[in-house]
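Encoded as structure tokens, the following chain is the form predicted on its own, with no partner shown.
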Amino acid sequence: MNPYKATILVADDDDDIRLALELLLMADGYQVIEAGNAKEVVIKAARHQPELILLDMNFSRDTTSGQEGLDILSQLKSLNIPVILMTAWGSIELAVTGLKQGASDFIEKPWNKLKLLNSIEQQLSFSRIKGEHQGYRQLLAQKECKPWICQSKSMVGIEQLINKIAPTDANVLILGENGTGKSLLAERIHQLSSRQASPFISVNMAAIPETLFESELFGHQKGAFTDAKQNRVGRFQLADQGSLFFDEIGSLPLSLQPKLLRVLESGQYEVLGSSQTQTTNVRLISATNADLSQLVTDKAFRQDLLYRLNTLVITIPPLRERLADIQPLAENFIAQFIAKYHKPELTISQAAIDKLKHHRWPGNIRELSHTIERAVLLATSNEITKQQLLLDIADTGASVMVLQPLEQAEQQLIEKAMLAASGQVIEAAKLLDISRNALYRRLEKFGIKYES
């Protein structure tokens, strides 16, 4: 096992600077490889595959322009090794040029030891996470992509629209009821875009506590606050050059909206605990089931932020308006769940299809998925019948309202939602349009069992 934290290539034509950096880095647990000229940098980087490169921007050719460092940077790009640029001639323009050409960070000589070590640790941490993410993407690429079903007239229209807008970098706002497939549509837009080879990072805005908002989106440095025991890479950095999907954007507290607006306007932000400005280049896709215009009227959502989000707006229809999609969706879910539960081949009867088409689907595609999953588990032959869909109770409840104590009605509604969601609290809470914590309180109150 390598006893060092990481191997770093120090590339500088000054012997004293290389020695100073070697002593500093080795004292902090790093292994150091040195390169004294431009040719050595590329050769040693390819041969030793270091985890990070500290690259001087001025070698023998000149002393101030930084062009030699930029030339080397372009040669290193194919190695996918994070590079921190160094120069004694601080220049904002030069820093921006280097960052645009693929550098991870930029420092000036003489360096601040703590800032340099923090930058190295942050870039190594990000590189590891990015590697894990890329590995995950490659794993997904080996599997079948999620099918995109659009046989209904309304969905054919949406498909035609996203084929036009996906290749652009315009921000997209997706509207629609819970469970209609907004996140799947966001992924579809990313897959059809010019950024498809870069990360697609999804963020559920409703799940981020207000106190952790900046850390989640922008990252933090070790020691930035009490529980910051190690560096954390933010979602904007993870999604750089790719697409960033903000689900449930309407739930973002008003107090946090200016911080998001700033990075959307300028592409700049600061990692929590660092004064150094970072840049990001992402394509933003947002989704919500809330009426953002009404929230603006109620002064609960900033109008200028809405204008940043809604360059293009797509409204995805509820399942009850997509009858032509119900059968192919159901058949896709059947194939998915027989593979998951190692069941024999199953078909679905025409009577069951008709039953599906006559259901109201308040939970939309998510509810259809749970219904089919339950039917696959209950199937006793090679065909799913309409009885195994267990939709009669829900249909009866829709047509007949029985007067009963409010608390009793609430308990029955929660029990039905838990059944429809196959016991998953988060999914049941979405069907009921209440928070997860609110549902937990009611489950405890009524003594309804659930998986923690």
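Each residue number is its position in the shown sequence, starting from 1. Remember, it's a predicted structure, so these values are computed and weren't measured experimentally.
The same protein also has a form predicted in complex with a small molecule, omitted here; what follows describes it.
The chain is drawn here without the small molecule; in the model of the complex, the stretch among 117 to 125, 267 to 275, 171 to 179, 221 to 229 whose residues come within 4.5 Å of it by any heavy atom is 171 to 179.
Interface residue among M86, I365, L284, I72, judged by heavy atoms within 4.5 Å of the small molecule in the model of the complex: I365. With the partner omitted here, the residue from F213, W111, F200, F333 that has a non-hydrogen atom within 4.5 angstroms of the small molecule in the model of the complex is F333. At least one heavy atom of L329 is located within 4.5 Å of the small molecule in the model of the complex. At a distance threshold of 4.5 angstroms between non-hydrogen atoms, P258 is out of contact with the small molecule in the model of the complex. In the model of the complex, no heavy atom of G157 sits within 4.5 Å of the small molecule. Contact check for S183: a non-hydrogen atom falls within 4.5 Å of the small molecule in the model of the complex. Contraction of the E121-R195 CA spacing by 3 Å or more is recorded in the model of the complex, set against this form. In the model of the complex, the Cα positions of T280 and L114 lie at least 3 Å farther from each other than in the form displayed.
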